[in-house]
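Just the one chain here, laid out as structure tokens, in the form predicted alone.
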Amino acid sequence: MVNTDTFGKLELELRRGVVVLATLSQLRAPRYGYELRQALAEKGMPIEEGTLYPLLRRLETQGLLQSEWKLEAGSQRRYYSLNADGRALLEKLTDSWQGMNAAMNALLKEDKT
């Protein structure tokens, strides 16, 4: 039987590998942080604030996102969205993910027979 701690650590490694792709996929249109967290969680990919906000800053520093402050409902909110480089990277990562996913499906199906 697999130790719960071992499973948790390995599952976390799997999630870390897809959090960038998940985040980029939800920034095709501008979103502020909380809205982005909600969208990801609703689609089964909850991300903690302590992970998401540093990731957004890193992706912006890497030249993949653009951001702007907007006053909305009396609050300043920073909206993030993909720029041209971010859209190109999303497309490449999506293709790569789909290829890996197909390979993993074939490998896992093979184990079940």
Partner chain sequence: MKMNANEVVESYVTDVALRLPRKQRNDVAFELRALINEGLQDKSDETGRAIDAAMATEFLNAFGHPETVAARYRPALNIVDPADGQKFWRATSTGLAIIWGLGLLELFQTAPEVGFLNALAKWWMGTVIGSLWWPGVLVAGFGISAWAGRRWPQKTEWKPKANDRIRGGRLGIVMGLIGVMFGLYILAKPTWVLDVVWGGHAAPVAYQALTYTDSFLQLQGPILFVLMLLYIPFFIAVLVKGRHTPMLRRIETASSLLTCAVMLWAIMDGPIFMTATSDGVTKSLLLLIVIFSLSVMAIMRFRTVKPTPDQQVQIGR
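Positions refer to the first chain, counted from 1. Only a predicted model underlies this, so the values are computations on that prediction, with no experimental measurement involved.
From this point on, the text means the form predicted in complex with its partner chain, which you will not see here.
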Review point. Is its partner chain close enough to Thr51, Pro54 and Arg78 in the model of the complex that each of the three has a heavy atom within 4.5 Å of it?
Key: yes
Going by a heavy atom distance of 4.5 Å, is Arg58 a contact of its partner chain in the model of the complex? yes
- request: Find out whether any non-hydrogen atom of Pro30 is located within 4.5 angstroms of its partner chain in the model of the complex, and reply yes or no.
  value: no
Of the candidate stretches 83-91, 39-47, 22-30, 70-78, the one with residues having heavy atoms within 4.5 Å of its partner chain in the model of the complex is 70-78
